[in-house]
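A lone chain, given as structure tokens: the form predicted alone.
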């Protein structure tokens, strides 16, 4: 068998990185639950017609197909792997509306698949951590102001660079485009969403080509996109452009509330940035993108927004708002720049040395006693000389070695300090109990 090669865009991290990922996920999960979000996991596949009905995603969806599918079979061809967690969540709400209590607050931490070109921090298989709130018929606006605060709490407790959340409101953009007479506001939103990637000149061309804008209208749309502020002054800058539309006024009022609410709790966290549009068509109100300070050139690591019509049938409507942390995306960037470290590569805190193989049952009992009190413990693989067993612990980063005897002793192999110990009562310092994740 030839040596296997990695598949681009499908990361497989080594145990230290995986341990960091679990630490990050635990922090995010605990924060979500502190805010009252309940856990949910949906299936990995969805009908293709559901995956493709909103947004420019057709080129990114992985189709599910059996290798031995029968000639002419079509069932498998109609399924695809989900590319985000919002679309399957909306489907879940519609299927289970009679069993849910509204407003329904849920979180999901799952893998998703997206067939885009792999690059640094951007993968084809990756982990997302989502929160959403949905309600029946109407959804109060205050939930849109809550989303950035939850994310700030979840990520703020991690040893990562600070974040800044860029917010906009699609009503501002759509109302403005209507006010200047652009014929296809949704196409204009998709064009402006590419501003950071392709620059203003190309966006202006797209506005003309795809949204039916004139050169003057394209210039006005780009002027709107240039506006940003960390306070409510952005609204005055928009009004100074001289465009009037009721939807524009509604969006400005909502965006002011989001910015002011965030500033009361976390000054500097949120910036109103009117070039943020989000490419998925299902967003209808506030939209979010999140920059990791020092990594802005890599784009957003957390995004989302308000959607009014994604979860709807002919007779029922469940508007929602959500935000998604790109866990793999964020960690991939930080790993690539050696910006996160961990104190040891294994969870083990104590290695129980084995004097002879006849002593192994007694060593196993010692290990069980330590584990019963929450101390991660393993027993040495062989009854080698103690020096070799200590070397084994050093290679794995295990801080303590337990020596059976009369009495037992435990040695901190970093400092060399060795003391008498009882497996029924001994406890390591709190900072040694689990691997510690630190920023570089």
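Since this is a predicted model, take the numbers as computed values, not measurements. Residue numbers count along the first chain shown, from 1.
The form predicted in complex with a further copy of the same chain exists for this protein as well; it is not shown, and the discussion that follows is about that form.
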{"property": "Interface segment, criterion being heavy atoms within 4.5 Å of a further copy of the same chain in the model of the complex, picked from 104-112, 294-302, 267-275, 155-163", "result": "104-112"}
{"property": "Within 4.5 Å of a further copy of the same chain in the model of the complex, all of 34, 92 and 396 (non-hydrogen atom)", "result": "yes"}
{"property": "Residue 429, heavy atom within 4.5 angstroms of a further copy of the same chain in the model of the complex", "result": "no"}
{"property": "Residue 418: touches a further copy of the same chain in the model of the complex, heavy atom cutoff 4.5 angstroms", "result": "no"}
{"property": "is_contact(residue 219, a further copy of the same chain) in the model of the complex, heavy atom dist at most 4.5 Å", "result": "no"}
{"property": "Partner contact for residue 413 in the model of the complex: a further copy of the same chain, 4.5 angstroms, heavy atom", "result": "no"}
{"property": "Heavy atom within 4.5 Å of a further copy of the same chain in the model of the complex - the one residue of 247, 79, 203, 238 that qualifies", "result": "79"}
{"property": "190, 329, 124, 306 - the one with a heavy atom within 4.5 Å of a further copy of the same chain in the model of the complex", "result": "124"}
